[in-house]
Each structure stands twice: as C-alpha cells, then as structure tokens.
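First comes one chain, alone, set out as structure tokens in the form predicted on its own.
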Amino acid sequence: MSDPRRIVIIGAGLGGATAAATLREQGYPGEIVVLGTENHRPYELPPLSKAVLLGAADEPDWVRDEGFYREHEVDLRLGTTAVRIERGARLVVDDRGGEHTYDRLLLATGSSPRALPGAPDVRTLRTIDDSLSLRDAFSRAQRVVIIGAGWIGTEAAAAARRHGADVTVVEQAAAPLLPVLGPEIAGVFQDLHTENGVHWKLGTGVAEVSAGTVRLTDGTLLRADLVLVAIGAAPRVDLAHAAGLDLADDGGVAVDATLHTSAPDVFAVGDIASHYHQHYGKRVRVEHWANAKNQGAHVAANLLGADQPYLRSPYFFSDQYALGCEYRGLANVDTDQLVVRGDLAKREFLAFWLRLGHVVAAMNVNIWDAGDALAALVDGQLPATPEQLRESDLSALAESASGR
C-alpha cells in the first residue's frame, strides 16, 4: 500500500474530524478533504441531550478550535453533502457539483433519528440546532410527550422536567433502558424519573399523532404541546450501498477488524461501522460518541498503511438529575449474570455482567473512583467470581487477574 497523497473524508462529525486531526498529529503531509452537510464546524453530540438541552451551555463541545482546520491545512467543506462515490475513478461527487479524487476514502456519515411513520409536527434530537430549538420549546411547553425510553429519551425527559414541563414517556418495553440494562438496573432509572415527576406509559406503542394528541395502541389519549420522537437512529449507509460496499445484517457498513470496508482503500468509522471485534468474535456496531472518537483516532494510522485491529470496548456515559453513570463493554442482559456491588436504593453502586466467569461489561453509578479498575476488567474480559466483584479490592483483582 503506497503512501496516499490525498485522503477524502465523508462526514464532518466526531469520527471524521478526529481522523483528520489525528492524521495531522501523526505527521501526514498530504491533502485532507472533509465533506460535512451541516454548516457548523465538527462537534461532539453528548452535550446536545445534556448541558445544552438543560440550559447549562449554549454550544456543544467542538472537536477542535475554530482555527485548527485552516492552520493545519484541512480542507473542511461545510454545507456540502457527498452524493456519489465512483470507486473505479476513485472519485467523490458532492451536491454542489464538486469532484474530489482520493487515494484513501473514509466514510463517517453517522446516523439519522428514526422517524415515526405518519406523525407530522414531531421533534427529533440529533444536531445542535435541534437541541437549541428543543430547549426553547421545553421552556414554553406545558405538556411534553416523549416517544422512546432509551438514553436520548430519558435524558430529554430529565431536561424537560428541569424546564418545568409535565412529561409523559411512552415505551413499548416494560421499563426504560430495558434492552441495555436488564430489569433490575432499568428499575433504578424508572424510579428515578418517577420521583422527579415523569409519567410512564410502558408496554404500549403509538397509534397516531395528530393536532396536539397522541393516541396509544392501548387506546389512551395523551394531550401534548410538544412530541419528541426518540426511538433510535438509523445508520446513513445509502451512499455506501449505492457504491456497492458490503453491508452487515445490523444495517451498517461491514468492516473488518482494521475498519477496512469491502472496497480497496475505503474505510468506515462511527455509527455506520459494523466492525468485526476480535474480543467478542462477532460484528459490533456502536452508536455512542466514544466509539466514533476512538475509531476516528485509530483509523488514521490504517489510512496511512498500518494494519492494526481496533480493540477498544464500547463506552458511554449519562447524566440524569442527580445520577451520573458510565458503562463499559457489551452485555447480553438476557443471558449474562448480573452482579451488583453497592446500594441500588441510594443509586450508588457498581454493576457487572459475567459471561462464563469473565467480566464482559460494567457500570458505575454515582461512584467515580472505580473507573480504571472497571476498564481493566472489561477490556481484558478478566475472570472473576461474584463474591470477588462484591467484596474484593477491584484494582487488585484486575491486576491479579490480568497476570494469570
């Protein structure tokens, strides 16, 4: 693989911008072109459902300072959408008629909020403009209905309550965050929101949204000044699909352990990357910010000819009311063994998920001195017993287990 003279990056979000910055930090002297649909310079998404939505900040966390791209000769084309990839010609065509040849191509197109069919006049949350508009709407709305009780839905519910709105969350599952956390830990979040005044409509779906009313499949009618749809996101893979890249069963772009797609010299990171993860022995597609950031940093060397597998464990965090938490790893809550250390009622605890006696995921809730130990246990998928996880010094346990 010869050294590339020109690298084109499609997507000016966290993954694409981090890759561009890392290329320069690693001394790459060639041309870098980054195409981004939004008119804002690259930014991180977590503050949109946290600090910005709460009113604690008016801007997101920018990936780099405003002058970085100019000073480091990164050709950042904002308000520009890639519309076609011509693999044979090694060419990307944008919606302004621009043509961008490449030696290496990185796809970092992210994802879009899933829509609710037949539901006009509803909100979604994906961009800084969405967040600022939604924050203003929360401050004026009396009755807010949020459809979906995942991380975006629950964080938005906390923000809407902070702004004084009456909030009802509709969720088809029996509890919020159930597929990720399982019933016992999900119950902690449900109780937290109930104590803060959130109303739940669980185990039911939406039949119709119209003129200030949400009709549920169980017949309930909910009045709403504002409806937020937070039912997940879909990877933006149309461009990749049209270019003939292999897609995975999970809807993402199939990439190998090094983040290389099925096409020569084409890589993918972030929300769209269905990545073969050697630790899990299967494809993993993660839509959290840390994955986009870490994959963007990692892929830079591979764009320049390295062949290093991406091995980091998934990670995310959430802040809701007075609860803060971090999650590492990838659990199957239906089959993995849950071990809890601490006090669920006080919302100060650690949770571990064991598979065949090894730690595959861990979560810290309002406990902040265990992060390094949890990361070591999860990243190494180290062996441990429930008794050790409940009672032992976790740093010592991680050290001894890793030395076996």
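This structure is a prediction, so every number in the text was calculated from the model and none was measured. Heads up: residue numbers just count along the shown sequence, starting at 1.
There is also a form predicted together with a small molecule; it is not shown, and the following applies to it.
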Exercise. Heavy atoms, 4.5 Å, the small molecule in the predicted complex: which of 36-44, 23-31, 54-62, 336-344 makes the cut? Say which one.
Key: 36-44
Quiz item: Counting only non-hydrogen atoms and a 4.5 angstroms cut-off, does H163 reach the small molecule in the predicted complex?
Solution: no
Quiz prompt | 4.5 Å heavy atom contact, R312 to the small molecule in the predicted complex | solution = no
Quiz item: Does the 4.5 Å heavy atom contact test between V167 and the small molecule in the predicted complex come out positive?
Solution: no
Practice problem: Give a yes/no on whether S274 approaches the small molecule to within 4.5 Å in the predicted complex, heavy atoms considered. | Solution: no
Self-check item: Selected contact from I152, A158, V206, L228, since only one has a non-hydrogen atom within 4.5 angstroms of the small molecule in the predicted complex
Solution: I152
